[in-house]
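As structure tokens, one chain now follows by itself in the form predicted on its own.
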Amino acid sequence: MDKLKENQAAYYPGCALLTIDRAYNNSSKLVSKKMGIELVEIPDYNCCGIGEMKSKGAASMYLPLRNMMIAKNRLGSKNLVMACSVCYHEFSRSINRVKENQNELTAVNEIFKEAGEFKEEYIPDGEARHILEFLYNEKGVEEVKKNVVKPLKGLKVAPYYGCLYSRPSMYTFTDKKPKMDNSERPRFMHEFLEALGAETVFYGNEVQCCGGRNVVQDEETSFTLCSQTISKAKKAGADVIALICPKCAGALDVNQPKIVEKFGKDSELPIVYLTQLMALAFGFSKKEAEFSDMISEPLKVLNEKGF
């Protein structure tokens, strides 16, 4: 593949975004391009390993770092953009672990050597970038405002960051680097939504874990956490919850029918991705933003609001 041009960024879709979460993948590409950056998928990428490797051992770090090597070798990019907060956590954890621990860097490079795919050793000189932080810092709120052709006036949105976008700060560097979001009270999504013309509501569960990573082993806890988040957002007057992680979508959107069955209608509220709302405000159709992919049926409220 050719090296990236100035207006392009190396992009890692991960496992979910080309299948069940294609709406997040496609809307992320639409709004990034509209804001002046084309997301270019790295070739021959592999899973970040979070599901199978459980963040344990050198092999768990090798999996995300192999993708960093592909971005650097094939596209000439030290950095890699991703939309999944779980992948972002796993990449950031791996980069910072080998950066701070020579023994772990040596162990990972032994795996690279055994695999024989790259001639050189891995050097931790790049960064994982979450797409929210990436667009906020590289293009900014003013670029969002400039692209709005259909303001989301009258739409009340509950921003939901989940737990891994801003924490733990030892990996995300929130609160530690001046351009990063706040770890406990993140604001980047709030500012983007308000730039779209939407009204953000405060409901107190913005960074609450959804329990999505453990839903198979402990469905009861995940459903309880999700019910609390949805019902609080609904009580605060939100029309929809906006999120930035496919794992959170699995918990809050895909499982919502089961959650409503268990906890009642107070736990019923449409779920959308931030990038879908950005695409709508940027003038793309609801079909292009793929709202119909969401199980919680946000099209009903969007139609009622006249969008």
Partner chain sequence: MAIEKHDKENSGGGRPVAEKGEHIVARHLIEDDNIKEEKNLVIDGVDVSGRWNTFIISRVDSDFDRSFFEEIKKTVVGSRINRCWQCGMCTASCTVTPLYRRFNPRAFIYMMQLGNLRELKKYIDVAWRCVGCYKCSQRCPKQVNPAEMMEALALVMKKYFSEEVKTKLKLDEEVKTIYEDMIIGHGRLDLAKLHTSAMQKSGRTKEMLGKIERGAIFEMVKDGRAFSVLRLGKPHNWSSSKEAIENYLHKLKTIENSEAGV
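Remember, predicted model here, so these are calculated numbers, not experimental data. Positions refer to the first chain, counted from 1.
What follows is about the form predicted together with its partner chain, which we do not show.
Among the candidate residues 127, 138, 104, 194, which is the single one with a non-hydrogen atom no more than 4.5 Å from its partner chain in the predicted complex? Of 127, 138, 104, 194, the residue with a heavy atom within 4.5 Å of its partner chain in the predicted complex is 104.
Selected contact from 228, 109, 73, 79, since only one has a non-hydrogen atom within 4.5 angstroms of its partner chain in the predicted complex: Checking each option against its partner chain in the predicted complex, the one that comes within 4.5 Å is 228.
Determine which one of 194 to 202, 171 to 179, 232 to 240, 149 to 157 lies within 4.5 Å of its partner chain in the predicted complex, judging by heavy atom distances; exactly one does. Going through the listed ranges, the match is 171 to 179.
Is the gap between residue 186 and its partner chain in the predicted complex 4.5 Å or less for some heavy atom pair? Although its partner chain is absent here, residue 186 would stay clear of it in the predicted complex, with no heavy atoms inside 4.5 Å.
Check residue 248 for me: does it contact its partner chain in the predicted complex (non-hydrogen atoms, 4.5 angstroms)? Result no; residue 248 lies far from its partner chain in the predicted complex.
Wondering, does residue 258 line up within 4.5 Å of its partner chain in the predicted complex on heavy atoms? Yes, residue 258 lies within 4.5 Å of its partner chain in the predicted complex.
Interface membership of residue 62, its partner chain in the predicted complex, 4.5 Å heavy atom rule: Looking in the predicted complex, residue contacts with its partner chain include residue 62, since a heavy atom lies within 4.5 Å.
Identify whether its partner chain in the predicted complex is within 4.5 Å of every residue in the set 266, 298 and 305, based on non-hydrogen atoms. No, none of 266, 298 and 305 comes within 4.5 Å of its partner chain in the predicted complex.
Residues of 18 to 41 having any heavy atom within 4.5 Å of its partner chain in the predicted complex, listed in sequence order: The stretch touches the partner through 18, 19, 20, 22.
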